[in-house]
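Heads up, the chain below is alone and in the form predicted alone; it's given as structure tokens.
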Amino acid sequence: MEDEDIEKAVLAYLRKKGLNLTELALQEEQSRLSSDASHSRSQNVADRYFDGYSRLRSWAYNSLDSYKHELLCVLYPVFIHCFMDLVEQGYMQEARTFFHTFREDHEMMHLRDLQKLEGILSPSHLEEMELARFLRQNKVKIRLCQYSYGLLLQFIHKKSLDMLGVINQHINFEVTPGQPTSISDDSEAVSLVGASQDLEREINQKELHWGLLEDSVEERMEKALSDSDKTEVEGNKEGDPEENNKKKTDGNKQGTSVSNKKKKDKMVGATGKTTRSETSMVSVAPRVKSELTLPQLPPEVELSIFEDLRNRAQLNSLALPSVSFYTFRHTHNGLNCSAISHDGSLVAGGFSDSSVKVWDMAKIGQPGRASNSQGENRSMQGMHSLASDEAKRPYSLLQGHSGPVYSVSFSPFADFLLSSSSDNTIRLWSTRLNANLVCYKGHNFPVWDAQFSPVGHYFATASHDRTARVWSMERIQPLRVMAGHLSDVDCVQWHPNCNYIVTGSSDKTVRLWDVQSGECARLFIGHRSMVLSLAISPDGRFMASGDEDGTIIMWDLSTGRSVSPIMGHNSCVWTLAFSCEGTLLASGSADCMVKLWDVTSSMKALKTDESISGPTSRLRLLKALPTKSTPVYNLRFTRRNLLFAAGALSVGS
């Protein structure tokens, strides 16, 4: 008979004979022995995880420096899954001890995730917490060289078999031939991937038309400029003989000075022609048809663009842009976002008190004049006092949201303004009437970002509901819903040809979406924290993304791989902007710095060697422009290549 059967028989006999005290004593003894056995088992399980991870950690930290940074990448996923395994099996006290013992090793790179995981207090939390569920359902991809992978397998089989199950279940290794990658260049050394290992590769093999719109306004204007230059040069050639004859007949100083002036003007004209030909390097990009019905531009708008192109400054590593910085003061930490119009004439701010304010730069410093304010003057009583208050304001006040405003965006010609809020809505405002025109409802949670398309009329939004949506001004419902991110969609940006949008998310990925189909056309994996800012080069081929840690990564949209990851700032990168010809990248951060980067070298390196599989080169810092104490909220290059920036002065500075 089994021990359990014998114990049951003894208890039944004692009960039959009426020996109640003896029966009770026997039951208490059995309970004590069972508790001791259970405690022993839990202690054994906890010790197994503790000892196995300790040995792996000690071995990784004591390995050769050449391979150490690769082997250390294995520790974090093993650590979090050992912790969650203990929680899942009900060993809560042991799990907490394990977590706090080794937490310090990973705080520098994964502090935000650790703060979330620290809130797991029971097995049910593993299902309820989004991050924990995501980590359990998906594997981590770790890139190792062949030799590092061999060393790891050899150690695990000899001295750390307890960790073998954790590694097999939750980690995918991408083994590469040759030497280990450097610490700074490998942005994709550790990244979370979906349940399918080939998801990223499958998405990034889709065909992508990254070129510019055919017959665009800029293309027509540059062609007109080129034709006018040819006509001017031909006219100068025909006029040269007459000028020479004049010089022969009239040899005085005045004739000589006129001739010198002509030569100077001719040189300036030739220089201008060279400048414009370099500026129009984006015209080398392939041309594509628009999948959206685009609005027609009024003649006066085309004329304005024409004048801007004629007067555009050519920027490069030796000729940096002029920078104008707008500083918000006395905001009392209430400013959440800002936007600057295409020519810098209007500046808007979104505030925590649900208001939007618009400043006309031409009126700053002038005597106050009354401005319209949406939602004010609702009664005749007190009208004069309200009008007096309005006259004193240097801005137009737009009220309508019922929660903090997180994003504002001007249309390409500054006649409209978009704002998004925690009240789940997007509002369209007229900058001429200072009035709310439309309230768009569709998102189920706060809307973090809203951006107009390059041609206006259409706009895209990003939300806490993990979706991005494409809208048109004339419809109150979205045209497309882009779903696929595993966490908040924090930022959104349009491709120059309006056929795609890109989104950055708290799931540490960037996705490019086809506007026509609503499908994901590219998946970019490499960031190690939430993506906060995006920018696309004017030719439509390259994209820059900035994250919470201060990292900036350049991506090639055609292949989906990173070009040059860098640690650009010491804090969150809140805004990015390319110059009009795409030779410079400007970045603004919470570290109160504007930085200018030379991207030409990275692009040339990529184009000269398309076979390179990893990051080819690094962005070169051209200039760092510190503010006194003003985090940079927004950057904007005008069509003339003047750089505008905006931010709120920090309290106490």
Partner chain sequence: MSIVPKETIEVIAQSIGIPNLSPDVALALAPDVEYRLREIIQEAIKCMRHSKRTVLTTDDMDSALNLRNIEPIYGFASGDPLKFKRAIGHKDLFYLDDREVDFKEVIDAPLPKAPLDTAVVTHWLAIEGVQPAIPENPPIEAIVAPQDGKKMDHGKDDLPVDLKLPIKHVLSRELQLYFDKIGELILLRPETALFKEALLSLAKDSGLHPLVPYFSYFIADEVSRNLSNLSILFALMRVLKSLLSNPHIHIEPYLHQMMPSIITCLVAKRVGEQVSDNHWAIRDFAAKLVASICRRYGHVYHNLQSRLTKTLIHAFLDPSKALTQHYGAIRGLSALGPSVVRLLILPNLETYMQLLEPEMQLEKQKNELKRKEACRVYGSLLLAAGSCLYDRLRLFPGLLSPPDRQPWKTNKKIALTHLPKNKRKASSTLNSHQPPTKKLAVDPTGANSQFPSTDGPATSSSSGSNPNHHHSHNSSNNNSSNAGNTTNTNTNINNATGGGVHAQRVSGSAVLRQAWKEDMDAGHLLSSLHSLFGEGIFSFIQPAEMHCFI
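Numbering follows the first chain given and starts at 1. Every value quoted in this text rests on a predicted model; they were computed, and no experiment measured them. If you superpose the two forms and keep the largest set of C-alpha atoms that fall within 1.5 Å, you have the rigid core.
Not on display, but discussed next: the form predicted in complex with the partner chain.
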Answer key, the partner chain contact in the predicted complex at 4.5 Å (heavy atoms) among 569, 443, 401, 357: the residue is 357
The single option of 576, 532, 78, 521 touching the partner chain in the predicted complex, heavy atom within 4.5 Å:
532
Candidate spot 135, 454 and 556, all three in 4.5 Å heavy atom range of the partner chain in the predicted complex?
no
Given the stretches 167 to 175, 301 to 309, 326 to 334, 145 to 153, which is the single one in contact with the partner chain in the predicted complex, using a heavy atom cutoff of 4.5 Å?
326 to 334
4.5 Å heavy atom contact, residue 128 to the partner chain in the predicted complex
yes
Verify the contact flag for residue 488: yes if a non-hydrogen atom of it lies within 4.5 Å of a non-hydrogen atom of the partner chain in the predicted complex, no if not.
yes
Are any of the heavy atoms in residue 351 no more than 4.5 Å from a heavy atom of the partner chain in the predicted complex?
yes
Is there a non-hydrogen atom of residue 395 within 4.5 angstroms of a non-hydrogen atom of the partner chain in the predicted complex?
yes
Where, within 287 to 321, is there a heavy atom within 4.5 Å of the partner chain in the predicted complex? Residue list please.
320, 321
Determine, after fitting the two forms on their core, whether residue 457 shows a C-alpha shift of 2 Å or more between the shown form and the other one.
no
Residue 353: after superposing the rigid core, is there a C-alpha shift of 2 Å or more between the shown form and the other one?
no
2 Å or more on the CA of residue 94 between the shown form and the other one, with the rigid core superposed, yes or no?
yes
